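Look below for two forms of one protein chain, each set out as structure tokens: first structure 1, then structure 2.
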Structure 1
């Protein structure tokens, strides 16, 4: 496709988007208005389903299908990045030799923060239906927190704590569990991702019906996907070089 044709296609898309957005923007409530129907309905629906965290109620109950799409996009993105970061035809992998010098303070900080970040990530996921947090936030904390071992200068320890095969299974199980809960809701209540689990008591840990279960499924998928994604970036930066040798990418460090 030539550049002029690309410009034409781009302009047509912009015009089409503007035509669709203009009526919606024109009918928005005036700035400072007290008319907030979405807020009013969302809070009422969250309370009705015993979900104390309204944000989680919106993500995993009221618009759970949208969240399923977002989770699927993340899954596809990780798979695509892993495919692109594989050694190419003119690249090879080698294990760098030697140890980088690491400040004792940095090493200590990495080891101290690792268990704290793990506990924080698990707390964000498990309490996402009653307090601020949720599967996406907790999954990011878990998936990235493991890499404090790399910041502390120990890539070998990171590899032991982060078996990529296990995390690949975790990503698939997390995404599959979300879909399975949706199908279960369809069979039990006639609607995909319908809330079919007992709602419990408002503010209790086991409340909100399927919201905590979907929180956990997303947390597993996001944590596993984040760990896999970072593992491929690190391998690309540390071990991949042009075939036949040559200067390798910066960031060489190993222990």
Structure 2
């Protein structure tokens, strides 16, 4: 499709979208109004299950099945990206010799921020039911914070601290334990992902029943998945190069 044709198609699409959106906007509630029926119901349900963070209560208790699907999307996409990024038939992995020079200020900042981000990630996961945060947020902080080692130190240090096999296990265990908790709810209360654990006191660390447990499961999975994803992209950027440089280099199968 040539460029002018593409713009014409785009303009037609925008006009169609505008025709559909205009009546929709007219029926939206006024911005900042007090009419929020879902809010009223969700807050009542979260308080009934003694979960102080209502967003976590919705994600892991009221619509836990949706989050199970969301988590499966994450698992599938990490697996898909890992599959796409593995070294191809005509590529070799080459380890560059020597280390790049790093500014002392960068190294210092990295080494200071590494433990801080690890603690922050663990805190976000473990307090996901009482304060803002949760498994997804904490998992992302943990999985990406680990790569400060690469910024601050070297790739070798990162590889020592980041056993990829462990993360592959972690990803499977995180996803599996979410499903296992769902089946446990099914057996205990007759509904998949039912909140069957004692609820505890409102605002306490162990409150909300299954919410903190599901948070931990998701946290393990997202941290592992994020680390795997970043490790594949990093390896791709640093080491992989086409063998012989040719487009259809018929060559030896690489390791």
Partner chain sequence: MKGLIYFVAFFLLIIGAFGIARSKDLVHAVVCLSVAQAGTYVLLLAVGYQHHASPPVFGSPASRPTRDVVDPLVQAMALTDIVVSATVTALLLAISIQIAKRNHSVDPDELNAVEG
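Predicted, not measured: the structure shown is a model, and the values here were computed from it. Numbering follows the first chain given and starts at 1. For the two forms, the rigid core is made up of the largest set of C-alpha atoms that agree within 1.5 Å on superposition.
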query	finding
Structure, 1 versus 2, that is the form predicted together with its partner chain	2
Option at the hinge, rigid-body rotation between the two structures, list 76, 69, 33, 115	33
Angle, in °, that the smaller rigid part sweeps relative to the larger one between the two structures	37
For residue 17, CA displacement between the two structures after the core is overlaid, in Å	11.3
